[in-house]
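In structure tokens, the next block holds one chain alone, the form predicted on its own.
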Amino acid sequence: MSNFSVGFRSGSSVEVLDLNGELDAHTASELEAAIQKCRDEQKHRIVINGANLQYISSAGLGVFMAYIEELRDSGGDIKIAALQPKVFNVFDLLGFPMLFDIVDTEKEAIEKFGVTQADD
């Protein structure tokens, strides 16, 4: 059984989701529920903090693809930050850096929305 959790940290205009553990076919529904919760609460600007994400499968990557168009149509986006090298390699191998802003730090990701952390 995979170990995975999503933590929420809300700012004034950006929602940060902290991913912990292994995101795979068994746990992808937890990330999906977290993104849906943000969407339902009209929080369309999401930063994914992957500092504690140990593993991601294609099912986990599919969750990002399932919501990105809808979030962008609503004026939002998903920015991805602080991925461990082995997890980044999976994103990179599948061309995600061409579709998503993937940056080194959460601060950089928030700034990609035109917000400074002091503002948020």
Partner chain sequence: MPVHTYLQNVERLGSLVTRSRFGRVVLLLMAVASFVIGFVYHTLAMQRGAESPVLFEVTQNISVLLGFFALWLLFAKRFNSRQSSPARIFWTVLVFGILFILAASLTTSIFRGDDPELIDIFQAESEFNNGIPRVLTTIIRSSLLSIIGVFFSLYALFRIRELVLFKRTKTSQRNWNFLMAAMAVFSLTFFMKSPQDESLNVLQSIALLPAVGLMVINSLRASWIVYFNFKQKLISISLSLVVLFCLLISLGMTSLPAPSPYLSDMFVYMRFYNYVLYMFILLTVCFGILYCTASLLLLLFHLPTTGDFQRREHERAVMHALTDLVNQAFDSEKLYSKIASSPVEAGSAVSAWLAVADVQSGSLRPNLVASYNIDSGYVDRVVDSTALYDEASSVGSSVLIGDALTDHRLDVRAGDGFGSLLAVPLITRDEVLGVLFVTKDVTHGFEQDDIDSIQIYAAQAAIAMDNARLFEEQLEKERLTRELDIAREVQRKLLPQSLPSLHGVTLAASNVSAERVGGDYYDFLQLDEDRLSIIIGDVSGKGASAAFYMAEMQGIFQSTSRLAPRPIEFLKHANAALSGSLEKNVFISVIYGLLDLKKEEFIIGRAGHCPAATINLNGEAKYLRPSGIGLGLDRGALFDKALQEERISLQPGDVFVLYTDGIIESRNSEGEEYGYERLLNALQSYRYEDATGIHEALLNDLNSFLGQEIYDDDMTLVVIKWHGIHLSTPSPKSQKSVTLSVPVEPTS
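Numbering follows the first chain given and starts at 1. Just so it is clear, the model here is predicted, and its values are computed rather than measured.
The form predicted together with its partner chain is left out here; the points below concern that form.
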ask   = in the predicted bound form, do 77, 80 and 110 all reach within 4.5 Å of its partner chain through at least one heavy atom apiece?
value = no
query = Does residue 51 reach its partner chain in the predicted bound form, with heavy atoms at most 4.5 Å apart?
reply = no
request  = May I ask you to state whether residue 58 is within 4.5 Å of its partner chain in the predicted bound form, using heavy atom distances?
outcome  = yes
request  = Using the partner position in the predicted bound form, report whether residue 95 sits within 4.5 Å of its partner chain, counting heavy atoms only.
outcome  = yes
message = Does any part of residue 89 reach within 4.5 Å of its partner chain in the predicted bound form? Heavy atoms only, please.
response = yes
